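The chain that follows stands alone, in the form predicted alone, written as structure tokens.
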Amino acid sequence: MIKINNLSKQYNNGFKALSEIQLEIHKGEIFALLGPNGAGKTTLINTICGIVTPTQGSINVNDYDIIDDYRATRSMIGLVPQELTTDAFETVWNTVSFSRGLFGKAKNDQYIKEILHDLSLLDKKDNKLMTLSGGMKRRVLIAKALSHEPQVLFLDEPTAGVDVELRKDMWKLVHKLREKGVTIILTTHYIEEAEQMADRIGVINHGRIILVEEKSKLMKKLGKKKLILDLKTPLEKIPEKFQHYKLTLNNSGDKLEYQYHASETSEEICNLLDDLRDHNIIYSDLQTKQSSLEEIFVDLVRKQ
């Protein structure tokens, strides 16, 4: 759906916000773009949407060039920006309807009503935007972005300042849109959202894409696991014979932790458990924990 080739953006002061970006986003997927503040996420989104002019490279949306075929590409894209930019004195209904008209779409009150209903805004349709809470204004921005029935939806920090209940409603809508074939690209600081929602993860830092991977493969490839054993009898220290296992013992000596990579086989774990039994180190319980996407992300950025 989106093909980015050798994209760079350098401003007049010499700052290079994007550097040689290569990226393809598939039709109908949810793609999460992660990165620290200032990494280039918003610049990349704004460039695809035609708001920022690239210094070099090309971007195609559904085989249309964003510069040569500006009207065609812009009509396929809905953008929910970070900033709450709304006409304070206009009503919710008029704001969303006007956005639809900007793209030359015929009037469709039923469709607007459906959007407002899905975003729990229907009972606010006659309210002026200045009377709404920040979370409700964020919903209005999403309604505006959806008003012209886009094929691609960009959500740039869509749940910033939104309470948990509103956030869950938004993600229900996202899934509903994906079922209709809409391609969704989101940036978020709530990495658990990306872990829950996304099909693929892209990580950007210092204007460069440092990783693109299917979420499940990423968790398996880069995730670390811990085996935690509750010992029946506390140990003062880890016996010399177990040094090669890279075990750690907690301060009270009653928990033994073994860290291993998610892609490793279980053979070494079996060997460890056999050795513990042979040396009469008895455990009453065991559990495993896997690295979260947030831990993987932080580790990636730190290493870079």
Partner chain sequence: MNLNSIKAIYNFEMSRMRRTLGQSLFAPVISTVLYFIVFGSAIGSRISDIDGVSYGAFIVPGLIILTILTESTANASFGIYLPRFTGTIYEVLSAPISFIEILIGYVGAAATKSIIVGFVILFTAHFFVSIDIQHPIYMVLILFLISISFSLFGFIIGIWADSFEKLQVIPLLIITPLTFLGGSFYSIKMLPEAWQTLSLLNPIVYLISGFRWSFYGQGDVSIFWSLTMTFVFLTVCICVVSYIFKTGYKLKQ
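Not measured: the values here are computed from a predicted model. Residue numbers count along the first chain shown, from 1.
Just so it is clear, the following notes concern the form predicted in complex with the partner chain, a form of the same protein that is not shown.
Of the candidate stretches 73 to 81, 229 to 237, 180 to 188, 194 to 202, only 73 to 81 has residues with heavy atoms within 4.5 Å of the partner chain in the model of the complex. For the three marked residues, 23, 28 and 210, no heavy atom of any sits within 4.5 Å of the partner chain in the model of the complex.
The contact with the partner chain in the model of the complex, taken as any heavy atom within 4.5 Å, belongs to 53 out of 250, 53, 271, 58.
In the model of the complex, no heavy atom of residue 276 sits within 4.5 Å of the partner chain. With a 4.5 Å cutoff on heavy atoms, residue 99 counts as touching the partner chain in the model of the complex. Among heavy atoms of residue 141, some come within 4.5 Å of the partner chain in the model of the complex. Although the partner is absent here, residue 85 is a contact residue: one of its heavy atoms lies within 4.5 angstroms of the partner chain in the model of the complex. For the partner-free chain shown, 9, 11 of 3 to 18 come within 4.5 angstroms of the partner chain in the model of the complex, judged by any non-hydrogen atom.
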